[in-house]
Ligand SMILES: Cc1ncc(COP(=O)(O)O)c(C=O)c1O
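A single chain, nothing else alongside it, follows as structure tokens in the form predicted alone.
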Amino acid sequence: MARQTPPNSPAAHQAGLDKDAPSLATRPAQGRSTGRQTQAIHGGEQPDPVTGASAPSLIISSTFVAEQVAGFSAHDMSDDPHRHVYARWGNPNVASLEAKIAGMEGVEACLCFASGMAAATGMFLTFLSAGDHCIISDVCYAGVAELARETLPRFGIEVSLVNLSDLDAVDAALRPNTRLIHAESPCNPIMRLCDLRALADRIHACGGLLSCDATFASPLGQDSAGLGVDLILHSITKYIGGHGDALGGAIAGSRALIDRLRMEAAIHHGGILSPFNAWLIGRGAATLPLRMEAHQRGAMAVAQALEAHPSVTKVLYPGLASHPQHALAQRQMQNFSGMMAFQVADAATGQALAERMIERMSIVHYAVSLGHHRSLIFWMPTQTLMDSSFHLEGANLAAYRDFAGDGVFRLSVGLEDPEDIIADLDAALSA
């Protein structure tokens, strides 16, 4: 007699989450494709097949009951790579979030990690080997910059740190063994953009891959895949989670690339996302489209107020006409996000202002991180970043200073009333 699947078995729970079945991230609704808001809410989710629960259940088991005899290695999953066997190999909550992010990015697959840095490290160590060459943005998240300069060369990987907004510099850096260009757009912390389509054309002509950290833009800010990005990286701690209460990272792309990344970075490196963090971040992701509209609206109001403030010497926000790459931003971005940077007179003024912010502000938190519902600000002096993370010299240092001067305040505009954010900043700016 054929064996029946028990109604409360792991297989029954998995039935609604199986990636091989049409998911709500990709399935047409009444004969049409779903919109991004619908994808953000329903992507990767279906009512629980056992309980009928509308909201996703939190599944924290480290192991899953097998329905058939199988091998003990993750390599034995090749016949069904999304079957849940052990939590490091896959978990229903993580799989749901991966499908949601893939749907919002308009790509086939996604892999989630314990942090954005785990995602970046996993990507580099999966797609690069000793003797390979990669080009990495000379201004990027500090942890990635330090990894590129201090760690990757120890494994025999050649690294060129290049201003990716300068296509002539990119052309000069390309080599026969270049396998990857890693970009950020906008880049952290100076809000400089790069032309992703132009970078994709160059690296694809060499047979390599383009990756882009799109954390500042979010999946709603730019069509990364449409611009030619092969590996789309996010710190999902930031905009996708949106509430500052869960660490996570993600890389989205083609099924072939993500399957390769899953076997190497998730199974072997082990930096996987916890079910609870996946559940929290998935809940936050449901409101991402609405939040990004509000972030952009508030950021534009704050940027315009800062630009008019006598204590502010420069504001860097892609949505402002004064941004040096505003034309590229209009062409490449659909949402300018809530991220900006601004300068004051000099480093000493910046240091003093940072101290006043800590003392006087009650709405904007003086803290690191970004993309949360609360506004966050932090002072980033140029010399300190040069000494610790970037080590730029010559033309690259001059290009950085064109944007940052002696330092910038990186401001993540949250979801508070813009007039309250502006008043809070003014309390510190007006000494």
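So that there is no doubt, residue numbering starts at 1 and follows the sequence shown. On a predicted model such as this, the values are computed, not experimentally measured, just so you know.
What comes next is about the form predicted together with the ligand, which is not displayed.
- Contact with the ligand in the predicted complex, judged by any heavy atom within 4.5 Å, is made by just one of 279, 89, 124, 141: 141.
- Interface residue among 202, 133, 323, 238, judged by heavy atoms within 4.5 Å of the ligand in the predicted complex: 238.
- Remark: of stretches 315-323, 214-222, 192-200, 287-295, the one touching the ligand in the predicted complex is 214-222 (heavy atom within 4.5 Å).
- Under a 4.5 angstroms non-hydrogen atom cutoff, the ligand in the predicted complex lacks residue 364 among its neighbouring residues.
- Proximity of residue 116 to the ligand in the predicted complex: non-hydrogen atoms within 4.5 Å are present.
- When the ligand is considered in the predicted complex, residue 103 lies well away from it, no heavy atom lying within 4.5 Å.
- Although the partner is absent from this view, residue 370 contacts the ligand in the predicted complex, with a non-hydrogen atom inside 4.5 angstroms.
- Although the ligand is not shown here, in the predicted complex the stretch 159-186 places heavy atoms of just one residue, 184, within 4.5 Å of it.
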